[in-house]
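The chain below stands alone, shown as structure tokens; this is the form predicted on its own.
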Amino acid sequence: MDISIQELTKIYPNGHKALKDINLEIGNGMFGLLGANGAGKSTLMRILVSLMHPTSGKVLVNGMDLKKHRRKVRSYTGYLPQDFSAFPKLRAWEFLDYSARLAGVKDKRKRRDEIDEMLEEVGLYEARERFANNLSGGMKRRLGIAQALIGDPKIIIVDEPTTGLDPDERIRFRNLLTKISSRDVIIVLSTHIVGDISSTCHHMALLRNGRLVYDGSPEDLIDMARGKVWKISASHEQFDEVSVHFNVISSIPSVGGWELEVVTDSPDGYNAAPMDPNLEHAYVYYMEHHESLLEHGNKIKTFV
């Protein structure tokens, strides 16, 4: 299974160019799409699930043009939108039963077995009789991924799945997606939360203002930030000064001041020690320097 996105552009009626000439190849496994709010991620997700048509360009799924084979592609695509909401007057199992029928599971016994299996997998079996509007936020998101998985889809698209979840629910959700990604499926995870990508994806892309600015592995992106991340020991008086001069990733109070993690080429003039970068550091550094990195012959596949 593969998705090929070719010269994809989306311009809204008001003239806003949400996507600009996107070229991207997505294969089996977990693929992460990272970018700030408004970068164009949700627009791309809606095009991939054929809820929106591009202005130009095309999407091929296993060689099939999505525009020409919309019904067939949708039949094996599961989708969890950012603003997912279940029918409040349906119990959890009833909502999944409805979703299974929409996914083409016509046999009642098969539907029931698949629903029970799915509720067990997402940790909602004990809540199967509860009405959807009585579920917690995390449980609703798990119900959402369950409906996206009904019918054994080969492509699963999830848009900002962990927004609003507490840390425990976020970890549970990421673990569930990681487990599912071991199957012969494509999972496209769109998020602005760097931690969702770093712990789950081997292939990722960055969107910025509708443009694709990075396409590669998290590890290669992290490598570009080596030697650019520092821990600065700052006094209380220096805190504001450091915050003005550098991108401060984290700040921890210490005896007599602060321990600050900053991303910069050089922390000249401060008491600083180098740090190994993580994906959050790399994301901040790259989004600020990707044009200059490309100009200096960076070998990572990038687009500007």
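Quick caveat, the model's predicted, so the values are computed rather than measured. Heads up: residue numbers just count along the shown sequence, starting at 1.
Missing here is the form predicted in complex with a small molecule; even so, the following discussion is about that form.
- For the small molecule in the model of the complex, the listed stretch (61-69, 42-50, 235-243, 250-258) containing residues with heavy atoms inside 4.5 Å is 42-50.
- Only one of the listed residues (160, 97, 196, 215) places a non-hydrogen atom within 4.5 angstroms of the small molecule in the model of the complex, and that residue is 160.
- Put simply, of 178, 133, 82, 75 only one has a heavy atom within 4.5 Å of the small molecule in the model of the complex, and it is 82.
- The small molecule is not shown here, but in the model of the complex it comes within 4.5 Å of a heavy atom of residue 18.
- Heavy atoms of residue 266 never reach within 4.5 Å of the small molecule in the model of the complex, leaving it off the interface.
- Using a 4.5 Å cutoff between non-hydrogen atoms, residue 38 counts as a contact of the small molecule in the model of the complex.
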